[in-house]
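What follows is a single chain, given as structure tokens, in the form predicted alone.
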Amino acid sequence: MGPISSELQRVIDLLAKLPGLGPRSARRVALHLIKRKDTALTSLAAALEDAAAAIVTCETCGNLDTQDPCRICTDTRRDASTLCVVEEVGDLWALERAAVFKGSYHILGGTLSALEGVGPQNLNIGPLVARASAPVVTEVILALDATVDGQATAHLIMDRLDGADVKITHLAHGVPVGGELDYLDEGTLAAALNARHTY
């Protein structure tokens, strides 16, 4: 029998499954929580239990909220004519933090990936086509990662939206604000050069 109790080892094993945490980091987090059982662990356990009971997936866009449809989908101040397609909920949150997009969202639930066995049937593409075909929607923005899988997914979506009467756009790729050319990779430089425009 090892020095770690089975209960604590279970906590460590569960934490180690979280993105960005390996076994060593999971042990540190578990020890931090146990040392502060009254302030940290109990509060975290209660918050996780409350979240598990209250959080639902929005049937319209795929966002996580305590209501369905979510607050974004029911906000009448948002522009229903523009639909922004993102891979995951975290991407929606990032765009909302930037406070630059005031339209609707659609979460795919990932991207195509032959290595991970993710095909079109595993993504939320059918409902996207239905939403984009609605008369109110005039533009679909593909806000997908600039990776091989992201671009393959974008091409699949463009093919599927071929019959919809919408303009399809994508996020600009290239030199970030404040970026220095010497520190950028070749792919970013190529995208920036190809997407150049006049002043």
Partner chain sequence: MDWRDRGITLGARAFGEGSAIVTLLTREHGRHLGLVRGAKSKNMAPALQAGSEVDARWRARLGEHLGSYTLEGGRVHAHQVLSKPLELAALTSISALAEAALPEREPHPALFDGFHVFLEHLEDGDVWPSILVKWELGLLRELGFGLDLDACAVSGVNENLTHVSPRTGRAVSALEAEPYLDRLLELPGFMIRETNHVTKSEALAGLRLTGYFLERRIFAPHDRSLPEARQSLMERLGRSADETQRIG
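Note that this is a predicted model, so its numbers are computed, not measured. Positions refer to the first chain, counted from 1.
Quick note: we don't show the form predicted in complex with its partner chain, though the next part is all about it.
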is_contact(residue 90, its partner chain) in the predicted complex, heavy atom dist at most 4.5 Å = no
Give a yes/no on whether residue 99 approaches its partner chain to within 4.5 Å in the predicted complex, heavy atoms considered.
-> no
Partner proximity in the predicted complex: residue 114 to its partner chain, non-hydrogen atom cutoff 4.5 Å | yes
Answer yes if any heavy atom of residue 190 is within 4.5 Å of a heavy atom of its partner chain in the predicted complex; otherwise answer no.
-> yes
Only one of 156, 137, 64, 168 comes within 4.5 Å of its partner chain in the predicted complex by heavy atoms, so just point that one out.
-> 156
Counting only non-hydrogen atoms, the one stretch of 65 to 73, 32 to 40, 147 to 155, 128 to 136 within 4.5 angstroms of its partner chain in the predicted complex is 147 to 155
